[in-house]
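The chain below stands alone, shown as structure tokens; this is the form predicted on its own.
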């Protein structure tokens, strides 16, 4: 039996046992494992549509952009922040197509869980990263993890659920948030939206939203310039909220560019139980 002690049943909250084909609790609730290896624990009343979350086009654009290496420095910094000196149980909440957690799982030992409401995203992650456990679930509802069962929770550019994070994180665990830093992608965003902000207050807002459950212990800014080619520009527009916040004319104009130098700016916040 491939036991995952941290997992609980979304229907009755008892422990789940995960074998090669299904996941089952002692009360008889069972959830089939998809052929790609992921688990769908999203109950019908926990979603607002039949296909919640990012669609296949956004997921594939994100996969191509990460594969291009444009955010490799961000990935390396997240790996350094998330891994301690011992084996850990790590959750990437809002994992998308799995890039950050996948990189962690391939470089370190431990238990790795990725959760996203998008089945397309989780399927994409499960196909590539075999050392992690991928789960479809709604991060803004009750998460399918036992109380105080995780060492690290990672949330990068994703919706946050501080109450649930406080419940499932161990007392000495770390919550790591990745948020846009000052002037992140400002060169691209200013071409696409007249009201493009500088993101100066994003980190403070994220820390405040997690209070009073968590208090900030460390903050690190990573900022560098990156020249994007035409394919990277197109994928970046497709994979982010920029896609929905700009006009077709503005997007078409930017996609005529052969290249564009942009500012990549990330703030990594480390928080612990208050």
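Positions refer to the first chain, counted from 1. As the structure is a prediction and not an experimental result, all values here were calculated from the model.
Note that the form predicted in complex with a small molecule isn't included here; everything after this is about it.
In plain terms, the part of the chain that comes close to the small molecule in the predicted complex, with a heavy atom within 4.5 Å, is 94-102 out of 144-152, 165-173, 196-204, 94-102. This chain is displayed alone, yet in the predicted complex one of 83, 192, 158, 186 has a heavy atom within 4.5 Å of the small molecule; that residue is 158.
In the predicted complex, the small molecule sits beyond 4.5 Å of every heavy atom of residue 107. The small molecule is not drawn, but in the predicted complex it has a heavy atom within 4.5 Å of residue 66. Within this chain, residue 73 is remote from the site of the small molecule in the predicted complex, having no heavy atom within 4.5 Å.
Looking at residue 118, you'd find a heavy atom of it within 4.5 angstroms of the small molecule in the predicted complex.
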